[in-house]
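There is one chain below, alone, in structure tokens, taken in the form predicted on its own.
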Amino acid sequence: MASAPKANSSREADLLANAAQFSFRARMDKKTNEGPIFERGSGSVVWDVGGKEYLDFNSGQMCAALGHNHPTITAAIKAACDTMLHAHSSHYNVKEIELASRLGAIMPRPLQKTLFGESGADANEMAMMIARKYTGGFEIASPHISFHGLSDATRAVTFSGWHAGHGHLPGGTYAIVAPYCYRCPLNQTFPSCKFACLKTSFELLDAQTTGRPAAVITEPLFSAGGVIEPPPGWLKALQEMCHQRNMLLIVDEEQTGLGKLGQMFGFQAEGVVPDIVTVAKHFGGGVGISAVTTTAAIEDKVVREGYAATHSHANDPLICAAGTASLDVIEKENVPEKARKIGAHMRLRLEAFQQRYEMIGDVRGRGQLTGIELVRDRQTKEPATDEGKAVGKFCFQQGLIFSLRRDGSVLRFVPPSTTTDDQIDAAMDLVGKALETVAPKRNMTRGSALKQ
């Protein structure tokens, strides 16, 4: 159990004073100048400068999903510090080739050619550029609850938020109807809908584009959009509709891939092999690195036609060594199996809360990526945004970190693969106490317990 809150230390006060003067506050979910200020982490726990301990069920920014400061990762970084940190980006280096080879061995064929970046947004930008170069098209579509980054190019295909006040974004991007079955925008029911969301989306896309669409970019499970999983068969049907139009399918596995959902990649559950895959987040075990992997045929064509993309540090030995170490951890510790066990344990606890509290409308997700959606009424599904924010605040004050999505109505839990059963229970106990303060209990009647 996380330690009790402590009073702000003089050190924290000094740091906050400096932050107020010098630190830019444009963070994703917080714009206020206040504590806590974190200084160290280990496994599934982080500590602030006042010594307070937190269970980190957001894995940092989801990048510590293998555990904070994993010894295999830190050892690889230390070794790189003794050999070579940075290399000329126009030439190969040993660590880059080692990492590309390892990633190529993990990817299903024909995916095998990898280009490295420094962030998830980098990788998705490169993936979109590759699709445009390969197809000769320009337009890119993405589901309306998607998140692909906050650079200008990726913000333009991020539709789960973060658009307001940013002015004109790059053109040639379109939203398509997402498969949000709990709140179907078309008021349909799966499977009788027969993927009406896709049919509607492509009718609109066909009508709006110049006739040269390049790709659809999607997540296999929409994380920032609210831990929303498409129904079975959706991803395969999406790929078929893309290929009918000579479009590529880009699958953004940055928040879902490399074991987190219980398989190496989220798309594997659907028996689909995308044209391009991007990975990031815990790919570097806490160090910033991302990758775009595609086929030899796609790589050959775009390179012959002049495509080039790199950043000053995109293939540095330091970050590539961390990437290889992360794959070592994922394979040797069987992270997909760990993720399945963590997910099963969390769902057991969360589904028990759903039986107790009418406010929990939906429990969803896979593996380490699990969420609940709070509603004020299960029939109308009015989002319980204020209540969700109250739950988040209570838990954070008591030493549990997780994310709020969809304006607070969705609680998203992403514990590291190092998380123990006792830590899961401690976290869920806090969530239960928080729900007790905001959600009325109810008497369940047979047959009506999970009416939605």
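A residue's number is simply how far along the shown sequence it sits, counting from 1. Computed from a prediction, not measured in an experiment: that's the story for all the values here.
There is another form of this protein, the form predicted together with a small molecule, and it is not shown here; the text below is about that form.
Undergrad: Given the small molecule in the predicted bound form, answer whether the residues G226, T370 and R406 all have a heavy atom inside 4.5 Å of it.
TA: Zero of three within 4.5 Å in the predicted bound form.
Undergrad: Answer with one of T294, Q255, S201, S142: the residue that has a non-hydrogen atom within 4.5 Å of the small molecule in the predicted bound form.
TA: When the small molecule is considered in the predicted bound form, the option within 4.5 Å is Q255.
Undergrad: Could you check which residue among G149, G117, G361, G284 gets a heavy atom within 4.5 Å of the small molecule in the predicted bound form?
TA: Here the answer is residue option G149.
Undergrad: So if I measure heavy atom distances to the small molecule in the predicted bound form, which of the stretches 203-211, 106-114, 296-304, 119-127 falls within 4.5 Å?
TA: Result for this chain: 119-127.
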